[in-house]
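A lone chain, given as structure tokens: the form predicted on its own.
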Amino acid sequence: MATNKSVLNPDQRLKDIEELKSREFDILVIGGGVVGSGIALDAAARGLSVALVESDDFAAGTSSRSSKLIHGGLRYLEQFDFKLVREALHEREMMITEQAPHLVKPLAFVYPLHKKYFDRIYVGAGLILYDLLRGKLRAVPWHKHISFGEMRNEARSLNPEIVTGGLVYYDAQVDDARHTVMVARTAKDHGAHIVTGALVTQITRTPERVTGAIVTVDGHSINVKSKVVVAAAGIWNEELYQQFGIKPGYKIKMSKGAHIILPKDAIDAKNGIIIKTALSVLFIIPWGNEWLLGTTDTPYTEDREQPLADSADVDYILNEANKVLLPKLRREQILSVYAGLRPLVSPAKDSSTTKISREHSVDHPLKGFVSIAGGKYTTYRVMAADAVDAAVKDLDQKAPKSSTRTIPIIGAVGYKTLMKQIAGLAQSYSVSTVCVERMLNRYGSLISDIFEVISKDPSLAVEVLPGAGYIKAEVLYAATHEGARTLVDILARRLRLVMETSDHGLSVAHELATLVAPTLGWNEADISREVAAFEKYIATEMAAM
């Protein structure tokens, strides 16, 4: 069960707002994506006093819009970026085994071959290196070569006229938004003070150093005192520099990655498929009862607030997939689309985004201010440790080294034992074994919190939408324990109804808003406003369809 210390809800938020007003922190983190949440955890675990402020919701930006993979980055081997690949593979192995086994799962990929001998030797050599770079941990199997016949068995949808055989290798998968919330809750459990819906409008400083920030929360300005401010706002970092009048030590180029979701029957394959394209790679990834296809890698200069997949993105993904798939995918099969922006650290003005390194940069332009940008989701923990290492230099006290390598994400402890008790748990709480297993792989040992909700009100064990898998208790839990403050927070990020269902949750929006209204203090007018805001969000997100 969750400790009260890890709970994120309206009461906790109000208490933490009071903390922001009344004390000086060692570190103030700007940004509630996976890196910002990771920094809050890293710093709090070192015994430092920490506050995290996020203008919107956890993972509202890039951290909920990735390809949902925890991977070393096979294509970075071609760019000889061995350091990044090794680092990412080490992180992947730790997440699967100890840190987040409830959230990060091994996933097999088929790499189809076209030229019988050359491809097998070339790709095989790359996969040997990929497997070797992970070090001593062995969380996933070694890659293997498969024949044409085995290929047909693995993925019947691959066109037999152009595919001669293949290789199978392993990476891992994660629900990025759920993982980010769990990292934030782990930070809270270690004593971090966390406030979402809190916008930083300015930093405060003396001639010598930065001393904190002015934060707008619920219409009020708070002067938050902090010895160091750490900007981990991803694509918004440059905007913060501009706002603060500080010269950045790096340039950020935004690259858009678009994805489409298709129903399970659109593709006949047992595992994921990776296809090399002229520009990059395309992943075809099993995602529950759907397929997730992506991604694009295009320079982006438009609105940061809501990056959208457009018609050209959808056409590109379908065209690349249809080069190897039969029957061909059709636009009308698409359930949903989404796009995210990668913050790429740019070494020069005219470089193309695909050639920019995914490695991260820590900038420390003046005393009391640190920022971090670049990197990839998989290496968030390393990025967080590097940012805190830089911040600690400006503190008057000594701080221990990062310990997050050995800290399990909340819900991990006890998860493996519970996985052996699925049948008994299903019987006790009158839910299906499929539902229990799915919840264990979302909440880990925190599933006991959900069962407590059901014990108080058995009607909450009912599915939100028939066939979608989520139950009403999870909706309520998002508001009572996971810091969700809006209907979009709940249906787009805590649950994945927006991307996984053809109606995106619109048919149950009013009912679910009414369910969480008492927890979030909404009246009838608030409920109507939330439903209207959700409908507008869906209309904007799904415009490409």
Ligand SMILES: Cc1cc2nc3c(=O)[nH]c(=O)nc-3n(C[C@H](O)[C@H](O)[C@H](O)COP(=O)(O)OP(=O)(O)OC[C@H]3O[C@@H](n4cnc5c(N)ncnc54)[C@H](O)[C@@H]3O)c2cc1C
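Just count from 1 along the sequence shown to find any residue number. Keep in mind the model is a prediction, meaning the values are calculated, not measured.
What comes next is about the form predicted in complex with the named molecule, which is not displayed.
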Among 498, 60, 45, 513, just one has a heavy atom within 4.5 Å of the named molecule in the predicted bound form, namely 60
Within 4.5 Å, heavy atoms only, which of 404, 295, 371, 186 is in contact with the named molecule in the predicted bound form?
295
Quick one: does residue 519 come within 4.5 Å of the named molecule in the predicted bound form, counting heavy atoms only?
no
Is there a non-hydrogen atom of residue 193 within 4.5 angstroms of a non-hydrogen atom of the named molecule in the predicted bound form?
no
Wondering, does residue 503 line up within 4.5 Å of the named molecule in the predicted bound form on heavy atoms?
no
For residue 92, is any heavy atom within 4.5 Å of the named molecule in the predicted bound form, or not?
no
Tell me the stretch among 418 to 426, 435 to 443, 229 to 237, 147 to 155 that has any heavy atom within 4.5 angstroms of the named molecule in the predicted bound form.
229 to 237
With the named molecule taken in the predicted bound form, which residues across 374 to 398 come within 4.5 angstroms through any non-hydrogen atom?
374, 375, 376, 377, 378
